[in-house]
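So this first bit is one chain, no partners, the form predicted alone, shown in structure tokens.
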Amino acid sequence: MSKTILVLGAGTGGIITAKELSREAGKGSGVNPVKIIVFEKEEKNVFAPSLLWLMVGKRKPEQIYRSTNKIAGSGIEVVPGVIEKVNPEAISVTVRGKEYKGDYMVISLGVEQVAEHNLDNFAQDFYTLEGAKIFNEQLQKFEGGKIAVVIPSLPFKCPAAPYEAAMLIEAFIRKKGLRNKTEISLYTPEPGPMAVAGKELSGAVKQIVESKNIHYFPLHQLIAATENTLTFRLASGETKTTAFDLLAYTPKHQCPSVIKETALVGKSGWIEVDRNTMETAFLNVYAIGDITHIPLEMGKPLPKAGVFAHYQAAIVAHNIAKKIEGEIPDKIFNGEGQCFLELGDGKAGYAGGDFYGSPLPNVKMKKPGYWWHWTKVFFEKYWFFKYF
């Protein structure tokens, strides 16, 4: 009997889940084709890592997205529209008033992004296609002054991204001959860059950032903003106000409203899953990627990053395929992850390791160089070639 799998979201995790299920599921028992339905509200499927290049003019908008409909085929159906209701008990989804029922569900909706302190009125959210595009337009016209990158709240996906943004901006400004006329600052409530990855990596990233004469301000919690000022609460409890001429920010990341209305969400405010199998409390319902909360032994959660969604998706797809075949699921997510760190000037770093390490994650950074930058460029091309 044919099985239907509902895949919520067509980000990194959703695409890989659907493609792997299309390749694996139902092939051994005659249950073919398996029906895979992907639900996605965005028509443009943006490759998020390339937004950093867009914001400094290294890419044009049309180079970093494809039509979401292009993932359809080989048993995959794409249903466009906003998801109105999710029922994990019944394994069903409602879009545009129509209910879709399945035998399995994989939730990969990522995060809901919102602007805090009215930042969207006078600054650019570089986690979006439009925000990165407009920031680049403003940067091209920039003639000197104060540029700020601000992280208003935690958590945020891709922990390296704001640091990469600051360094790419610095390289752009320097090449434009405006470095001695420009002050670049990065403000964050974090105690250090990518702190969950350990003191060694955090310290190395901080050193690289500061070596480029980028002013780094950790433990700065944004509490107010105007069209040219930012006000922070410091660890001491004191407040500090600083000016800016050009501002890029990370949006607040929260669990999507449609999921918050379900019993899937735990005390963390996110979907809590088995950290090895990505199973939720509901039978045959899985959640992967940024929408999940996975506590590490050190007390902090697993960072929100596309690489984890990638690996989790492949494992969940494999295990669902095993279940469909009447076999025992035999793969687990082990906490391994890696990321690139763009430094500007055509160079990048590369860090990775075991985030499930005990008592602390075991993450190391390789020597930065041109190789890692071009590896990231290759991965961008490979992603579009393989999945679209």
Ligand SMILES: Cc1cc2nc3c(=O)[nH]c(=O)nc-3n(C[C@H](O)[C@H](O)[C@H](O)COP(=O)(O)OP(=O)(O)OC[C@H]3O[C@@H](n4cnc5c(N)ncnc54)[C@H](O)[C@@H]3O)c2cc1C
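Residue numbers here begin at 1 and follow the sequence given. Please read all numbers here as calculations on a predicted model, not as lab measurements.
In what follows, reference is made to the form predicted together with the named molecule, a form of this protein that is not presented.
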Does Gly81 reach the named molecule in the model of the complex if we count a contact as any heavy atom within 4.5 Å?
-> yes
Is the gap between Gly110 and the named molecule in the model of the complex 4.5 Å or less for some heavy atom pair?
-> yes
Should Lys304 be counted as a contact of the named molecule in the model of the complex, where contact means heavy atoms within 4.5 Å?
-> yes
Could you confirm whether Met298 comes within 4.5 Å of the named molecule in the model of the complex, counting heavy atoms only?
-> no
Answer with one of Ala351, Leu343, Leu51, Ile324: the residue that has a non-hydrogen atom within 4.5 Å of the named molecule in the model of the complex.
-> Leu51
Partner contact check in the model of the complex: of 144 to 152, 175 to 183, 260 to 268, 286 to 294, the stretch with a heavy atom within 4.5 Å of the named molecule is 286 to 294
Whether Gly14, Ala309 and Lys376 all lie within 4.5 angstroms of the named molecule in the model of the complex by heavy atom = yes
Give, in sequence order, every residue of 139 to 167 that has a heavy atom within 4.5 Å of the named molecule in the model of the complex, or say none if there are no such residues.
-> Lys157, Cys158, Ala161
